[in-house]
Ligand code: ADP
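Next comes just one chain, in structure tokens: the form predicted on its own.
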């Protein structure tokens, strides 16, 4: 069987849904499991709902109304008013309202996961119903009954043994199956999530458990490019990438591939295809066992809005193992992702991602024990298979604050001009 994953941009409106349904019919009319994200920018819209609800803001009803009108506006172009899907969508909004009214938990990450999941539930219900309306049989199921995790809300870890048992026993791989990306459930049936962009990971989990022929991630780009076209004018399509190279790129922050997606695929040598839902006849990029990179050219990865932190001892003594291990524990405790490390005899520098907005707490924890220098809103450029010309292209963009080089990769922390 095949596994398809469609992201939010591919299901942002009625025409987009008709397009992906056409792709499903033409390329996967049977033996296909389809993983779908929330529509368009709906994950962001639900995050606004979460913020308003958690902080008891008066604009909560307006935020909820916007989401409901958005989905029903899309539905009006796909369905007749008497179609059953309207009742199913009303039930989902009723469940959301029930949670907002009855919840007593003050744990933000728990609240986040219980609300954010409705984006995926709504989109997949609509797509499944539209497939049915045009005569294409399919099976919709709630992924939370299949992928089981621990209770680490917003970044849950998969219980692989139980998940594989559930998927292999319950999924009919001969049919078209429609389910949600990004979300899962713990052993008490509370919703968990696999981390932002976790829909790719969901596709990888199902492919691994079902021994899929391949996984296709459908995107609005021709495939994996050697650079982000929003940052660089000239980009090149990478036709083939090895698992190892793709994992390196994901580690450094390449946004096309979720870092956790590749491991389960590599272990069973399941190819990952990245193709365009705009031009579905194009072959795109294949990530598999084989050539490291075709063509072999510099690949640019950019992480914006980073924080560069330089830490040294108050008495200018050496930064030795016990200092560094202590700092790393604190970075872990405050969920600060480290994207670059550099240390000297008396200084230890890290470039970090403040995804969970806990940097200030981290700083306050350490400021009395160490001298800490902080530079915010800087950018981290990573170049795989760099050349002199590639480095020059980066250095044109600003002032280099820190540079680190190894055999295949250069990283430059930059304050833009």
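Numbering follows the first chain given and starts at 1. From a predicted model like this one, the values you see are computed outputs, not experimental measurements.
Beyond what is shown, the protein has a form predicted in complex with ligand ADP; the following relates to that form.
Undergrad: With ligand ADP left out here, work out from 227 to 235, 341 to 349, 260 to 268, 324 to 332 which stretch has heavy atoms within 4.5 Å of it in the model of the complex.
TA: After filtering at 4.5 Å, what remains is 227 to 235.
Undergrad: Using a 4.5 angstroms cut-off on non-hydrogen atoms, would residue 168 count as touching ligand ADP in the model of the complex?
TA: Although ligand ADP is absent here, residue 168 would stay clear of it in the model of the complex, with no heavy atoms inside 4.5 Å.
Undergrad: With a 4.5 Å heavy atom cut-off, would you call residue 20 a contact of ligand ADP in the model of the complex?
TA: Contact with ligand ADP, no.
Undergrad: At the 4.5 Å heavy atom threshold, is residue 9 in contact with ligand ADP in the model of the complex?
TA: Heavy-atom contact with ligand ADP at 4.5 Å: present for residue 9.
Undergrad: Whether residue 245 contacts ligand ADP in the model of the complex should be assessed with a 4.5 Å heavy atom distance threshold; does it?
TA: Because no heavy atom of residue 245 falls inside 4.5 Å of ligand ADP in the model of the complex, the answer is no.
Undergrad: From the list 213, 84, 294, 220, which entry has a heavy atom within 4.5 Å of ligand ADP in the model of the complex?
TA: Looking at 213, 84, 294, 220 one by one, just 220 meets the 4.5 Å heavy-atom criterion.
Undergrad: Could you spot which one of 145, 255, 152, 190 gets a heavy atom to within 4.5 Å of ligand ADP in the model of the complex?
TA: So the residue touching ligand ADP in the model of the complex, by this definition, is 255.
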